[in-house]
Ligand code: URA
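One chain follows as structure tokens, the form predicted alone.
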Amino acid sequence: MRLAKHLAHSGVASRRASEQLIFDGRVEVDNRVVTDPATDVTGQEHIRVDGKTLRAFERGADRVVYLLHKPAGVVSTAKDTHGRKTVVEYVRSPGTRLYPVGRLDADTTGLILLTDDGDLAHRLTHPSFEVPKVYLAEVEKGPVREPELRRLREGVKLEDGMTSPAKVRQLRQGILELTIHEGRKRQVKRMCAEVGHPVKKLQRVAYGPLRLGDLAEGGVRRLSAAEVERLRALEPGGPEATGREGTKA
């Protein structure tokens, strides 16, 4: 994780303010002044800001994870400069600085996580963990024929390179279930458009071992300790991470 992001997730300051603290030479990592906000850290280093030791990430009960059924029109950020409603506004957690884990487009609905645990957020979004994300996509020009389904399953060439193979099922005419483990911007929409079936509606229904279930749109629930531990237990390339087991929505 980048140092500036680590400081922000630890509650030191906003991301931009944390970057300025680093630029100003006020941050030390393992007794060395660091002035590059992009410096990678794991969270286990000895970090000091203005001479004060930064509390290490904890795995105890003081860290929280919430699951939100994001409605359409809501942005996946902590704050929005255009005054739009954000995912953070749905969670009542006084005194806790929450951040979304990954993002969904404003018009995409479904499962998104919010947490104050920067270490966990990093694990869930880092490419090496290959955490599967399951989407339901209503596409134009259905049904989708087998050649196009095969292209999605084998990988689609986009402007930023070839995608990894996706798991794809056509549940009914024009309704696809896609499982991907990459985190490219608007990836599902771009993949479907590339094979000739632009997305009309998109919903994320699963993230790793978690399912949206029957949680109402706009509904929020705090994850249980057991659910959080399942997320922490994900290993790079492991069965639950890559979706080789238990990926049905």
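Remember, it's a predicted structure, so these values are computed and weren't measured experimentally. One rule holds for the numbers: they count along the sequence shown, beginning at 1.
We do not show the form predicted in complex with uracil (URA), though everything after this point is about it.
Looking at 139-147, 98-106, 158-166, 119-127, the stretch with residues near uracil (URA) in the predicted bound form, meaning non-hydrogen atoms within 4.5 angstroms, turns out to be 98-106. Under a 4.5 angstroms non-hydrogen atom cutoff, uracil (URA) in the predicted bound form has Leu202 among its neighbouring residues. For the chain shown alone, Thr39 is not a contact residue for uracil (URA) in the predicted bound form, no non-hydrogen atom being within 4.5 angstroms. A residue is said to contact a partner when one of its heavy atoms sits within 4.5 Å of a partner heavy atom; Leu67 fails this definition for uracil (URA) in the predicted bound form, lying far away.
In the predicted bound form, uracil (URA) sits beyond 4.5 Å of every heavy atom of His181. With the partner omitted here, the residue from Lys52, Arg32, Arg221, Arg186 that has a non-hydrogen atom within 4.5 angstroms of uracil (URA) in the predicted bound form is Arg186. The single residue of 117-146 lying near uracil (URA) in the predicted bound form is Tyr135, the criterion being any heavy atom within 4.5 Å.
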